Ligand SMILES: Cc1cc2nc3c(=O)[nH]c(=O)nc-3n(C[C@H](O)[C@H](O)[C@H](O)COP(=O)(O)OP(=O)(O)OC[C@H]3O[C@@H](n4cnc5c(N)ncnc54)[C@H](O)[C@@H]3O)c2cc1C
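This document starts with one chain, in the form predicted on its own, laid out as structure tokens.
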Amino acid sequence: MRLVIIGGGILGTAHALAAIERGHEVVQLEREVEARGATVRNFGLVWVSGRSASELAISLRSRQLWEEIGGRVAGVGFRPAGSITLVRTEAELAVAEAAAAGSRAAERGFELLDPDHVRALNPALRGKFLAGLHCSTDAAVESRQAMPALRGHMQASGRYGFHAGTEARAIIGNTVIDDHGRRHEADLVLVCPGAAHSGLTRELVGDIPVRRVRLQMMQTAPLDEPLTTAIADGDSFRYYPGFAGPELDTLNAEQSQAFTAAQHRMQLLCVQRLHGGLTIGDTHEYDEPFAFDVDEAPYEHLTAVAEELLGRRLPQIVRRWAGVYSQSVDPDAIVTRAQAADNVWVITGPGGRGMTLGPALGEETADLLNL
């Protein structure tokens, strides 16, 4: 088959990869010169630890696929570093204890560590914390370089073409017409628009059950020692359904005490890039219109928490940014797939899980459409 995939982010690229690996031919269109949305404005984390029970199987499958991809495409920067969620209060500790004792803790790779064992695993953590929930299944890739690396891998097949700076304007029958006037014939069209819910997406499928979520993040200069795992703080428990339970209810009741974290719906996530710098975030904002500027209070809070856990000053902050991603509001759906015509599908809304689940979602769509 010949596929045209509209969108050059992780979801579009993962679908392209799934099709190429099944022997099909793919043409991919990206309206920017390079993907500039949530695909590159994230941590690069393959985050299994807090996924809901219904998401666990696909998360583990995606983790497996990322490792396989990393073995073939070194440029994606895959590393099975795991993560440690560091807890600083008794309420957070109760959530971590419940998670470590859960029926699927072994499958998730959970182990609750005392401070000495945390520091043995990640010597850079010399700060203040009561314990750490280690997740051995979590991993990381380099979000800013993964897409070009995957495209290069697909181009070597001889069955892949990428058109940068190309916006799809219309789909008429089996033909995609772009803003250069070129016509791309296709047996199947997959539209992966990211957070662009208007324009062509709305023309094709109207209003679909998705919303946009804004975040703020930052990047430091290189840290002069390795951070051997990704790290998170106890606030992160609030944003992952795998930690739901009475212990989390108690923790949520205390959130008003941390005004800045509550106001900006914050969690600390931190991962070290291959160049040594730390990517740190993030916040959650759900009500549009989103601000066009960034707020300094979240950065001050995240800096303070990171420095408390590391027990040292952070390196200089060299970049700050905001981003917007698409999130399905259907509680039973990981991603929204809407059929616009017999041969046209719109796929969006992984909700901050795009980097984690991209390869498995591409595989799942290929199975659903009998590719």
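The structure displayed is predicted, hence computed values, not measured ones. We number the residues from 1 along the sequence you see.
A second form of this protein, the form predicted in complex with this ligand, is not displayed here; the remarks below concern that form.
Stretch 41 to 49 is the answer when you ask which of 301 to 309, 57 to 65, 337 to 345, 41 to 49 has residues with heavy atoms within 4.5 Å of this ligand in the model of the complex. Comment: this ligand is not present in this chain, but in the model of the complex one of 242, 193, 234, 82 has a heavy atom within 4.5 Å of it, namely 193. Heavy atoms of residue 6 reach within 4.5 Å of this ligand in the model of the complex, making it an interface residue.
Taking non-hydrogen atoms only, residue 19 never approaches this ligand to within 4.5 angstroms in the model of the complex. Under a 4.5 angstroms non-hydrogen atom cutoff, this ligand in the model of the complex lacks residue 359 among its neighbouring residues. Under a 4.5 angstroms non-hydrogen atom cutoff, this ligand in the model of the complex has residue 32 among its neighbouring residues.
Along 150 to 173, a non-hydrogen atom within 4.5 Å of this ligand in the model of the complex is carried by 166, 167, 168, in order along the sequence.
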